[in-house]
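As structure tokens, one chain now follows by itself in the form predicted alone.
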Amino acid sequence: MRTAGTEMIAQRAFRRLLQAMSRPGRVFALPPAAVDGRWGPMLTLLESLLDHEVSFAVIGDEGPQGLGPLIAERTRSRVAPPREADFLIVAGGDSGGEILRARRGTLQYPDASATVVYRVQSLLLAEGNGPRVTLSGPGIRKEIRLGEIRGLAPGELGRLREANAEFPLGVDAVFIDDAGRILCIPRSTRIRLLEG
């Protein structure tokens, strides 16, 4: 159940998410989590996005002690099959290809697409050993080299690029790490995988 304190944190998290969506590929810090523990940052973000009017599906880490029951309890949103869900929550950084089957909207209603939220180990500003990927499009001056995303399965960015190949159709992607940092790649962002 939400309190005035958790509602304020959810509002601050939502404003930070809007900033991250308008600056694709940049890392932003969420406000401190309202919930302690393993899922604290993820639940803080989801409480700013989900309510009883939307649905979600969790990929990975299911079970009675997993993320799904916590999301349903804290947001009052409902569980749906991955292909029908408004939000696809990828708990372990690997969608197993489900992102390719997520809702991508229609030409008449491209905003009827799903938002995919990946939980990853860490988001780093430096490239490090990260993916050799550049992003371009709205909110990016020329192009930006993506930093390191630890815990994201190899090939997942390629799947995201494939899911968003027919803009305005596609999915919006949000990456959140265990420290409460987020990075967004909206469906309007072009993803280029570099050779070598």
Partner chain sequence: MTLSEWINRKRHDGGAGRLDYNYAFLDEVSKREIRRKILKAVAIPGYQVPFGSRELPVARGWGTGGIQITLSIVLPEDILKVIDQGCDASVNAVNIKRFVNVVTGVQITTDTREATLIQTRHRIPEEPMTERQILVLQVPYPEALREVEPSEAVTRRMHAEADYSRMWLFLYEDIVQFNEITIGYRYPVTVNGRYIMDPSPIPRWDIPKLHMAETLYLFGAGREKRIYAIPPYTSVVPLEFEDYRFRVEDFQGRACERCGATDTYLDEIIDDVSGRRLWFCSDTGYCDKRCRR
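Remember, predicted model here, so these are calculated numbers, not experimental data. Residue numbers count along the first chain shown, from 1.
The following text describes the form predicted in complex with its partner chain, which does not appear among the structures shown.
Here the marked residues Q11, M21 and Y109 all reach its partner chain in the predicted complex, each with a heavy atom within 4.5 angstroms. None of the heavy atoms of E143 is located within 4.5 Å of its partner chain in the predicted complex. Although the partner is absent from this view, G147 stays clear of its partner chain in the predicted complex, with no non-hydrogen atom inside 4.5 angstroms.
With a 4.5 Å cutoff on heavy atoms, G25 does not count as touching its partner chain in the predicted complex; it lies far away. Its partner chain is not drawn, but in the predicted complex it has no heavy atom within 4.5 Å of E162. For the candidate set A33, L70, L49, L135, a heavy atom within 4.5 Å of its partner chain in the predicted complex is found for exactly one residue, namely L49. In the predicted complex, the residues of 160-184 lying within 4.5 Å of its partner chain by at least one heavy atom are, in order, F167, P168, D172.
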